[in-house]
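Okay, so here's just one chain, in structure tokens, the form predicted on its own.
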Amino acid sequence: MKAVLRPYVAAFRARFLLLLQYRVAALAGFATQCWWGAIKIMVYAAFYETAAAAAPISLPNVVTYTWLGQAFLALLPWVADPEVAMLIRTGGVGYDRLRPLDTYSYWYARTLGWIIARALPRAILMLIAAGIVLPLVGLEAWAWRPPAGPEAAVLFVAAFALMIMLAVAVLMLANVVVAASLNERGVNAVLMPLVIVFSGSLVPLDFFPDTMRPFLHAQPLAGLVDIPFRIYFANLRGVAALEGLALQAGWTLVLIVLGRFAMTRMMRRLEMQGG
């Protein structure tokens, strides 16, 4: 088993270490996400001053939800892996087809390294700024709070792992579409608004009308933000939290199966020209 996994681990590690070198991009992303996080919190604070009784989530939890969203923003699958588009345009995909590896798993490992490397430095900086610095300067009300308790912390670890796996499964479907269409612009234009709205990144899904909530909580993109973050501050606990984890795992499995099927069909039709 170790020998089988070694090339995929190597692919993940190589992509991860390569992208960790872009420190300026990480700092720029962190600064931007701090700015937008502060703006969103101010908007929520103004809303809660006039309609706190109608809010489904308390303001401290919404503040934490916002900082979590900003910290892990780069994990969201709103743009296809740019390396896949380059491989298709340059013909480099032919090398991937010649490797004695499962292409889907190989692309999955590389995409996993890509999104984690983009998110990790920003998440660490955000935790320091919003979770440590803000309380120290007397802004506890605006700070990123720790998990609601030991149970919430343990369940969040599982939810976070499933969140990453689900995000990569979504990206793999996007990568297949890019490979089939030879262009990533259309995929990204459609994927970005869908992920932002239906994951709960724009606003928590509980802020939507009651009639829409059952659908919003059951659809796959809820596992990217809404489910793990609500587990974090114990809005989902006990059986409800386990149901959320089951939804994440179930949709991840479904999307991986669909991605494999789509990739198989795409690779059969892929033509390479030149020499």
Partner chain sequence: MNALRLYGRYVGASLRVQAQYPAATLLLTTGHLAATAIEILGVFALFHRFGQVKGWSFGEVALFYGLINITFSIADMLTRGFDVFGTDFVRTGAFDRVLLRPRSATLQLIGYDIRLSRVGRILQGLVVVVLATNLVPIHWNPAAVAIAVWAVAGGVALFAGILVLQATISFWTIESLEAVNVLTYGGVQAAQYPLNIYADWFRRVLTFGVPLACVAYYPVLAILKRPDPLGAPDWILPLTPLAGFAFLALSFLAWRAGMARYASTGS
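Numbering follows the first chain given and starts at 1. A quick note: this is a predicted structure, and the numbers were derived from the prediction, not measured.
The following text describes the form predicted together with its partner chain, which does not appear among the structures shown.
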| query | finding |
| --- | --- |
| Non-hydrogen atom within 4.5 Å of its partner chain in the predicted bound form for each of Gln219, Arg260 and Arg268 | no |
| Its partner chain contact in the predicted bound form: Phe215, any heavy atom under 4.5 Å | no |
| Proximity of Arg110 to its partner chain in the predicted bound form, heavy atoms at 4.5 Å | no |
| Partner proximity in the predicted bound form: Pro193 to its partner chain, non-hydrogen atom cutoff 4.5 Å | yes |
| 4.5 angstroms heavy atom contact with its partner chain in the predicted bound form for Lys40 | yes |
| Which of 128-136, 178-186, 144-152, 159-167 sits within 4.5 Å of its partner chain in the predicted bound form, heavy atom basis | 178-186 |
| Contact residue in the predicted bound form, from Ile116, Leu101, Leu173, Leu202 (heavy atom within 4.5 Å of its partner chain) | Leu202 |
| The unique member of Gln33, Gln248, Asn235, Thr66 whose heavy atoms fall within 4.5 Å of its partner chain in the predicted bound form | Gln33 |
| Residues in 206-223 with any heavy atom within 4.5 Å of its partner chain in the predicted bound form | Asp206, Phe207, Phe208, Pro209, Asp210, Arg213 |
